[in-house]
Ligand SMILES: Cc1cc2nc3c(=O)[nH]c(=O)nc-3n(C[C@H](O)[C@H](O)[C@H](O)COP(=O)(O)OP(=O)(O)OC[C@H]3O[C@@H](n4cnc5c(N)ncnc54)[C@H](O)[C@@H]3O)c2cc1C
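Presented as C-alpha cells, the chain that follows is alone, the form predicted on its own.
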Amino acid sequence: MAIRAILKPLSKRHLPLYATSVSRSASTLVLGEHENGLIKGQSVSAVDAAKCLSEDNPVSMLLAGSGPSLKEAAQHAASCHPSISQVLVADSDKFSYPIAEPWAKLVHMVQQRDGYSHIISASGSFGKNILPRAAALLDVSPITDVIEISGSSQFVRPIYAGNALCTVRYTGANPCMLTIRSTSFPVPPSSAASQSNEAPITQVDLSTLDEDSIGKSRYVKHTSQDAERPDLGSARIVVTGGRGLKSAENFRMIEKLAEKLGAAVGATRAAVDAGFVPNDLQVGQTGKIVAPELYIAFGVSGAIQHLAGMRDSKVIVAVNKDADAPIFQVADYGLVGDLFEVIPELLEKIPEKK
C-alpha cells in the first residue's frame, strides 16, 4: 500500500497543516462533469483544489460526451476558471451518458499518453463511479474525500463518519488520484466569472481506445429534481426534514418552507428509508455533503452519519421537541418545540420569495 496516514482530532474549523515539498513537475487532469452545456460547480471546485498542489501546475480538464451540449460545455470550460490551461474533449456516442466503463478507459488512455502527476474529480456520484475504476486500471491507490491539500503529496480527509481527520501522505507512483469535497474548496466569484485568456480546446484521438470492457453496463434512465429548486450540493440555504415529519404528506411542509426561503430540500436517511422523499435528497455520510450558509433541520435527531454530511455549514439551526437530541450539540441556534407548530407559524410569517 502506497499511502501513509496520521490521525488528527476533529475540529469544526480545520487546523492548518505543515507545508510539504512541492513537485516541480506537477500536472493535473480534472475530470469534468457537465450538464446542459455547462460545467458543474463541483468540477470547478476540483480545478480550484488543483491550484493547491503546486504554484506551477498546468491543469487540463477532460470532458466526454456527444452532440451540441458537449461543444457548449467545452466553451464554458475554456473560460470558467483562469487556472485551466487546456480542455480535452472526447466526442463519441460511447460517452452519451457518464457510464463508468468507457470513462475509466478514457482516463487510462489519456494518462498513458500525457503522464499527469495528479488526477482529480469531485467527490460526487460522478467521481465516485469513475475514479476507483480508472485507478484500478492504472494500478494506483486513490485518496477519497479530500478536504485539505498542503502540497503535492499530503492531504487531509475525514474518517470515522467525520469524527477524526486523517493526514495522508501519498508515496506511490504517478498519478496520484484524488476525489475532493467541493464544499471544502469554494470557488471565489472572481475566479468563476473570469472570461479572460480562454484555454485551447483539443479533441482527444479515440482511435486507440480499448473497447473490451465497454458495454458491460448500460444507461437506463436519468431523474432530476425540480429545476426551479436550488441544487442541494451548492445551495446557500438548505431546509432538512427527518423522521419526525412522520409521513410524506407532512414532508410537503418542508418543501413549502424551502420555496419561501429559496432553499434546497434535504432529508435524513431515516426519512428517505421511510419513503418520505427520494434518496437524491439524502444528506449525510452515505448521501450528499453540504456546507450552506444556513442549514435548518426539523425533526432531525442528529445521528453521527447525518452530522458527517452537514457539520461544516456556516450556521446550523435545529428544531426538535427532544431537548437532549444530539443535533443541539452542533447547532448554532436551537429551538425545543413541536415542528408541527413551528413550521406553520414560519410559513405564515415569512413573506413569499420574490
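Residue numbers here begin at 1 and follow the sequence given. For clarity, every value in this text was computed on a predicted model and none was experimentally measured.
There is another form of this protein, the form predicted in complex with this ligand, and it is not shown here; the text below is about that form.
> If we define contact as a non-hydrogen atom of the residue within 4.5 angstroms of the partner, is Ser152 a contact of this ligand in the predicted bound form?
Judged by the heavy-atom cut-off of 4.5 Å, Ser152 is well away from this ligand in the predicted bound form.
> Within a 4.5 Å heavy atom cut-off, is Thr268 in contact with this ligand in the predicted bound form?
Thr268 belongs to the contact set for this ligand.
> Check whether Gly287 has any heavy atom within 4.5 Å of a heavy atom of this ligand in the predicted bound form, and answer yes or no.
Taking the distances in the predicted bound form, the answer for Gly287 is yes, it comes within 4.5 Å of this ligand.
> Mark Val300 yes when one of its heavy atoms lies within 4.5 Å of a heavy atom of this ligand in the predicted bound form, and no otherwise.
Although this ligand is absent here, Val300 would touch it in the predicted bound form, with heavy atoms inside 4.5 Å.
> Where, among 108 to 116, 76 to 84, 240 to 248, 123 to 131, do residues come within 4.5 Å of this ligand in the predicted bound form by heavy atom distance?
Flagged stretch: 240 to 248.
> Can you pick the one in Met177, Val283, Ile180, Ile254 that has a heavy atom within 4.5 Å of this ligand in the predicted bound form?
Exactly one listed residue reaches within 4.5 Å, namely Val283.
> Check each of Ile316, Leu70, Ala26, Ala325 and return the one that places a heavy atom within 4.5 angstroms of this ligand in the predicted bound form.
Comparing distances to this ligand in the predicted bound form, the residue within 4.5 Å is Ala325.
> Relative to this ligand in the predicted bound form, which residues of 317 to 341 have a heavy atom no more than 4.5 Å away?
Residues within 4.5 Å: Val319, Asn320, Lys321, Asp322, Ala325, Gly337, Asp338, Leu339, Phe340.
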